[in-house]
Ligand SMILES: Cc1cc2nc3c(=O)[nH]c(=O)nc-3n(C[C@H](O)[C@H](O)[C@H](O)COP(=O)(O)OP(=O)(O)OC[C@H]3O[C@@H](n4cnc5c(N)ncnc54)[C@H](O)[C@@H]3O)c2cc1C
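Heads up, the chain below is alone and in the form predicted alone; it's given as C-alpha cells.
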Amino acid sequence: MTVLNNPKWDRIYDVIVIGFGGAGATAARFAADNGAKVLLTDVAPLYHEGGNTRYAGQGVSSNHNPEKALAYYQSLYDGYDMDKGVLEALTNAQYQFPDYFKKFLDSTPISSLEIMKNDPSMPRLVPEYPGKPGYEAMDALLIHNGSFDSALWKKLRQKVLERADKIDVWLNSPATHLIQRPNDQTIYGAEINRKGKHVLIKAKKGVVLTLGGFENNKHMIETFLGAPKLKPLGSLYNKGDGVKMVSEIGAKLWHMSDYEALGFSGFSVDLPDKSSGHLIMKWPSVSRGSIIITADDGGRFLREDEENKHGHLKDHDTYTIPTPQLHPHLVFDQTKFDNFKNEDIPEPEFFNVMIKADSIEELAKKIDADPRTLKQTILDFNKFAENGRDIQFNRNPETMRSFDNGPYYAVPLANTILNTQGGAEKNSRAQIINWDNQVIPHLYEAGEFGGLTGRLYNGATNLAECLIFGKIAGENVVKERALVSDNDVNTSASVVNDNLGNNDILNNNTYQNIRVGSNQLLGESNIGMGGTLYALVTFTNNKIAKVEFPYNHETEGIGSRAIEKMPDRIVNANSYNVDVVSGATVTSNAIKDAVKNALDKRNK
C-alpha cells in the first residue's frame, strides 16, 4: 500500500483495471461503455495476455432456473459460510446469459448439455455434481461448437480493442501497490511498473482488481494450499500480485485454500524442463490393467479409475483433492508397457521420461520410493485383482490385472493446478470489503481473484464470474463520485506523462520488420491461441524447404511443441495438410492455416 497526501501523478484516468483476462476485459469494456476513460494493465507481455480465460475450456456456467441454481451452489459449499446475496447475483445473471451472449458477445449461445447428448466423447463436466439439490437446472454455454480454443477470450479481447479511444492497454506492466487516501482509506490510484519505471496512476472513480490467482507463486502455494509442488495448466503470469496488494490495505480474504486441478486423476506427466503441465483430459489406459499411481513412498493413495471433478475425488461423503506429492509415479509392468507401445499416447514425451528396472526393489530405488512399501503395494494390488475386489480404494475389478514378473516401469507425474480461488472477499456489487465487513471505498474485483468457489467447484463457473462480476464491477465503479483535487487537469482522463504510451497492442509494429525474400512468402492465421501467427515459408525448386515463425506468441510449454515439430512435418510432406501435434491441436491448426495462406498467395 502507498499512502500519499499530495501525489504527483504520471497519468490520470477515471478507472484502472488491473489484469487483462476475461474479467478485466469485461470490466474495462463496461466501464468504458458507461463513459469512463480506462487504463487496462497486465503483467504479461504482448500477446500472452488473457490470464486463465485464454486457456480455459471456454464454457460459461448458466442455468434454466435461478432458484434451483442457488440451491445447487449452496449445496456445494458443504457447510462453509457464503454470502447469499453474492450467490444470487451469480445465479440471477447466469439465467440471463442467452440475452447477454446475443447483446454483448454477438453470439447465439450453444448448450453444452445439447452437445453432450450428441457427442459421447465430450467430457461430462456439466453439471459437475449431479444429484446435488438443483443440479438439473445447470448448463454451460459456448459461443460456438468448440472448446479449449480461446474463442471466448478472443471475442472479449476484440471488444476491448474496439474501444481503443476509451481504453488504454498496457502490457508487461505489473501493478505493485494500491494508493490509498490517508484520511478515509479510499483507493484512488495504483503504482505500476511501466517501462522500467515506477509510475503513479490516479483513478478518479476507482480500481478494479482482476489479476487471477497465485498458481505460479511457490511460497503462496506452500502457505495457503499446503502443497510442495503443483504444475500450472494455465497462465504462467498469475503470481499472487492481487493477494499482496489487498493484504497491504486490510482487505478480508476468503477461499485461500481452495483450488482446482485437471488431467487424469488430477495429474500430468512431469517433464522436468517444462514449467507448466500438459493437460490430458481423458486417458483411460492409465487406469486399466497392471498399472497404479504411487505416492512418494511407493504406496497407492487414490482410486486410479475414478473420474475426477476438477481434481477432486470421492472422500467419504464429500470430494477432496488428494494430498499432493513431490514425486508421484505411474508404475506398470511389461504387459502394460507392450499395451502402451500399441496405443496413441497423448503425451509425446511419455517414453522419453520412462524409467525401467528388472525388479520392484530396483525400480523403487530409482524413483526414490521405499522398496518394501512398493513391493507390498504391488502384492496387495495383485491380490485385489485376483479376488475381484479392491478393498483399499474400490477400483473397478474389471480394470485390474495382476502385475507380471517384470521388468517394471515408472513414469514421473506431477499434481496439477488449474487455478486458485483465493483473494479478497467481495459483496454482490463486486466491492471489496475489509475484516470488519466494511466496503473499502472505490475498490472492486472480479474473476478468479477472490472467486466464489469455497469448497466444490462446478465446471465453467469461473468464466461465468468473469462475465458477470466483470460487468457488475465495470458498471458500478463508474457510479462512484469522482475524486478531483486542485492539481488534477479538468478532463475525464489526463495525460501528464506522454512517454508512457497508450495501447501496446494497436501500437505494435513488430511484424512490419519481417523481411520476406524473393523465394519466400509470409502467411498468417488468426485461429491460434495468441493472436495472429505468422509463418515465413521458404521454397526451393517449387517445394517447401523451410517453415519459420518470426514471432511466436503461442502458449508456453504447450503451443511451443507444435512450433518445434510442425515445420519438419510440413517440409517432409511438402504440404500443410499434416497430422497435428498431440496436446497442441489449436496451435498446430493455426500453423497449418498460416502455411496454407502462404501457399494460396503463391498460387494466385
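Here the structure is a predicted model, which is why all the values come from computation and not from measurement. Residue indices: 1-based, along the sequence shown.
Same protein, other form: the form predicted in complex with the ligand, not shown, and the subject of what follows.
Colleague: L418: heavy atom within 4.5 Å of the ligand in the predicted complex?
Modeller: Yes.
Colleague: Tell me, yes or no, whether L200 is in contact with the ligand in the predicted complex, where a contact means a heavy atom of each within 4.5 Å.
Modeller: No, no contact at 4.5 Å.
Colleague: Considering non-hydrogen atoms and a 4.5 Å limit, does the ligand approach T461 in the predicted complex?
Modeller: Answer yes; at least one heavy atom of T461 falls within 4.5 Å of the ligand in the predicted complex.
Colleague: Using the partner position in the predicted complex, report whether A414 sits within 4.5 Å of the ligand, counting heavy atoms only.
Modeller: Outside the cut-off, so no.
Colleague: In the predicted complex, does each of V15, V160 and Y188 have a heavy atom within 4.5 Å of the ligand?
Modeller: Answer is no for this spot.
Colleague: Name the single residue among I378, M245, A137, I291 that comes within 4.5 Å of the ligand in the predicted complex, judging by heavy atoms.
Modeller: By the 4.5 Å heavy-atom cutoff, the listed residue in contact is M245.
Colleague: Let me know the one among P346, P371, P174, G406 whose heavy atoms come within 4.5 Å of the ligand in the predicted complex, would you?
Modeller: Contact residue from the list: P174.
Colleague: Where does the ligand sit in the predicted complex: which of 208 to 216, 425 to 433, 471 to 479, 360 to 368, heavy atoms within 4.5 Å?
Modeller: Within 4.5 Å of the partner lies stretch 208 to 216.
Colleague: Hey, which residues along 11 to 44 are within 4.5 angstroms of the ligand in the predicted complex, non-hydrogen atoms only?
Modeller: Contacting residues: I18, G19, F20, G21, G22, A23, G24, T41, D42, V43, A44.
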